[in-house]
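The same protein chain appears twice below, in two forms, each given on its own as structure tokens and labelled structure 1 and structure 2.
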Structure 1
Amino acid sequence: MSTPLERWVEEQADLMKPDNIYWCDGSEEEAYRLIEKGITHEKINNDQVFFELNHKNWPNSYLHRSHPTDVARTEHLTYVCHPDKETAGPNNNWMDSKEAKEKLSKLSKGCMKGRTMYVLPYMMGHPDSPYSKACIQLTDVSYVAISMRIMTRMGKHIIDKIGSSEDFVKGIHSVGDFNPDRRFIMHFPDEHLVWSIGSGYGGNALLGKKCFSLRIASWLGLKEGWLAEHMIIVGIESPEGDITYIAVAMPSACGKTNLAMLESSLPGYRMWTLGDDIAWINIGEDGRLYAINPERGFFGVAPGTSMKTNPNMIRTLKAGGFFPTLFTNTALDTDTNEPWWEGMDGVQPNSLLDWQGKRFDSSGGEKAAHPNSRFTVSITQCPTLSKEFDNPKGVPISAIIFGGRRAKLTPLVYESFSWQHGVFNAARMGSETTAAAAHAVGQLRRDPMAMLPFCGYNMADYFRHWLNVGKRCANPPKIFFVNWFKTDDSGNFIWPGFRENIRVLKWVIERLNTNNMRAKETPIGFTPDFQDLEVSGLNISKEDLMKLLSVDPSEWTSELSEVKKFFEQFGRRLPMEIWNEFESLKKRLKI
């Protein structure tokens, strides 16, 4: 007798009509066999799926070029299909489930003809963790199968784990014909189902990532009393050898991966990496928050990654190992057959193919690598991997930091007065948009908790959930805010960033541990006293420091009216506590 899983796979095959069905076992041998097939047989966008790179300098590495119209998440084509529009909220596109399924079924009819349907069994979270989830994704490209193998814990034992249960997370993915008019990323939260067609890129196609581990998991978290967040998890070791675990949320392409494996510029400090993108956070028996990373790989932004900015990522990429490493939409140095991107160490090579495989000519001011070009690499290769990475319980979180990209207004760092005040500050967060999603870049938008594109339900209810989690914690973490991206009058970043960010984290840890360390009270929260932010060895003037740390009430009038407009969308559903905090802030700013 067939199992619910087998029946579900058969049903989808009946609809999509692949030539073959292949159940992945997650083995190393299989990965290289699929890569070989992607080089010699399988076509995507009339080209081969993988190109082998120089293995001497980049062990086990392959290049993939996506369809030119398919280079980032497409938020306008992403829908959350709750029974009613209000549950999805003004922060999501909504479609009635029946209508959405009819649309998708129509688009999916025969869409895998001539292709193989890969069945990917994988776990989000460590198999021994009470918080992990067993998942199955179907896909019709080897690139997605290999990427999922790097990003998740994939293997045929997951099929045994699911057994005859109906309780598994379902993902249906086909690249369709890549036509953006026929591209949809649809979520059915109550069915634990994601259905994506028309895109082969990142968060649109690796369905365990943003689609399940944030949009659907955030909904599960609301129902079950936990949080699914767009956060890194790190342990910061002090010169005394104590390790403080923190979680940091930042919008896409705002510095999470860099921070997650930072090489400290301050002697004695070390960063231990647990995750660079997603955290699942539960309340432990001791009333503290515990975080696990459901993923097992990095899907990171390539441009700007170098030995100077992020040496531990370069080491990770060059480590080689059990898993292949993929580069997507980077440029290619044709002399050496190595990947290349803007901001890489050394001089620009003479002979480059751009991200679309065309000969690169820099005279037009174009970039050779796509600004959202990425690498996919196993976290097991990271030299700063925490020994707690596989701890099924997760690590206890002492502080939560939120960060954004803002040229003006937001200081380098500040601390909230309380959990409720921190939730309010996170809910009103603004950040300038980046190339991680297909939209205009550099425009300020509200991005509460860095979750605007990823919260799978009405954010008013999400804010209430955050307030409740704090109430249920015996001793909730302190909530801080950072901004590495403040600029001077000529538009240059004032703060050196990257490895120097440890100086800010040092202050955060000191505020946690030294109750009586003074700080400056401003209308928005506590900022460091000048003498408490370690800046020795930095070439930064007192005047610039003032600019970085100051809060100028005169800049806040239009900010507050933007925030008000944003909150008003949620109507009466917005928790009163948020409005109370808004009024208090207004009063403190004397606006």
Structure 2
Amino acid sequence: MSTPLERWVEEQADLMKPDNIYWCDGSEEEAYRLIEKGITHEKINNDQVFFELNHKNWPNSYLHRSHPTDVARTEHLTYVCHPDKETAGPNNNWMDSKEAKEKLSKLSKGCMKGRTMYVLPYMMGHPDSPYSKACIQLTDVSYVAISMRIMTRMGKHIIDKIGSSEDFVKGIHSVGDFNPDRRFIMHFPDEHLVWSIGSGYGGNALLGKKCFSLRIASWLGLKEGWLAEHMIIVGIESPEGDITYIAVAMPSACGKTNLAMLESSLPGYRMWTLGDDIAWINIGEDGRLYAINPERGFFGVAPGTSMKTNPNMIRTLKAGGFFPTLFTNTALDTDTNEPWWEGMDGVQPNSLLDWQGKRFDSSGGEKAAHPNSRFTVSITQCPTLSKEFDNPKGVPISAIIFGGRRAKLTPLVYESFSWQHGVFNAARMGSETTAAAAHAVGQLRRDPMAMLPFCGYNMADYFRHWLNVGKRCANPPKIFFVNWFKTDDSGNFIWPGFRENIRVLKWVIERLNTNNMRAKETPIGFTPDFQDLEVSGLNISKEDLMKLLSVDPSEWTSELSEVKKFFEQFGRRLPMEIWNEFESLKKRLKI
């Protein structure tokens, strides 16, 4: 007699009509067999799926080119299908579940004809962890199968773990015909289901990533009492050998991945990496918060990655190992058969194919690598990987840090007065866009907890959930905020950033024991006195340091007006505690 899993796969095959069904076992042999198929037989957009790269300089590496219309997340085509629109909230696109399924069924009918349906059994989190989730994804492209093997814990043992249970997360994916008018990424939180069609790109196709690990998982967390967050997890080792674990959330273009693999400039301090993108945070038996990284790989932006900005990521990409490494939409140096992107070390090669495989001509001002080109690489190749990465219980989180890009308003670092005050500050978070974004330079975008595109339900309820988690903790982590991007009157960054950010983290971990480090109380929180921040060896004046740490109440009038407008969209669902903190801040700022 067939299991619920087998029946579900058969039902989807009846709809999508693949020529073959292949159940992946997650083995190394299988991975390279599928890659070979993607080089020699399988076609996507009339092109081969994989191109073998120079294995001497980039071990086990392959290039993939996505469809020209399919190069990033499509938030306007991403829906969260709760029973009612109010539950989805103003932060999500909503569609009635019945309407969404009718639309998807019509688009998916026969969409896998001539293709193989790959059945991907995988685990988000360590298989022995009480916090992990068993998942199945269906896809019709080997690129997704290989990527999911890198990013998750894939294997046939997951099928055994599911057994005759109906309790598994379901993902349906097909590239369809790549037509943007027939492209949707739909989430059905109550059914633990994600259904994506028309895209082969990253988070639209690797459904264990943002779709499940954040949008669906955040809803599960609300129901089960835990948090699914867009955060890195790192351990900071002091010269004495003590390791403090922290979680950090930042919107895009704020250096999140660089921070996750930071190479310290301070003697005796080391950073240990547990994750660069997603944290699942639970309350442990001792009442503290514990975090796991549900993923097993990095899916990072290539442009700008270099030995200067992120040396440990370059070392990870070149390490080689049990897993292949994929590059998506980078340029190709045809002389050496190596990937290339803007911001890479060294001079630009003379002979390049751009991200679409065309001969590159720099005279037109175009980029050779797509600005959102990516690498997919196993975290096991990371030289700073924490020995606690596979700990099923996770690591205890002593501090949570939020960051954003603000040219003026926000100081380099400050500590919240309390958990509730920290939740309020994270709820009003905003970051200024850069020239690389499809917005005016310097435009402020609100992004609470760096979760606005990824929260799978009404963010007012999400803020309430954060407040409740803090109340249930015996000793909740302290909440801090950082801003590496404050500028002088000429628009130049005052703080050097990158590996020097360890100096800020040093102050943070010392503040966790208030007996060790003083702080100055300001209207927005506790900041360091200029003499409390370790700046020896930096070319930074006392005047500039004071600018970095200053809080000017006159700059906050516009901020509070915009924050109020942002909060008002949530109506009566917004927790009163958030409004109370808003009013208290106004009083402290005397606005």
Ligand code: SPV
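Rigid core (definition): largest C-alpha set, two forms, superposition within 1.5 Å. Structure 1's sequence is the ruler for residue numbers, which start at 1. Keep in mind that this is a model prediction, so the values were computed, not measured.
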| query | finding |
| --- | --- |
| Structure that is the form predicted together with this ligand (1 or 2) | 1 |
| Core-aligned CA displacement of Asp84 at least 2 Å between the two structures | no |
| Core fit, then Tyr118 C-alpha moves 2 Å or more between the two structures | no |
| Asp167 C-alpha moves between the two structures by 2 Å or more, core aligned | no |
| Distance the CA of Arg405 travels between the two structures [rigid core superposed, Å] | 2.3 |
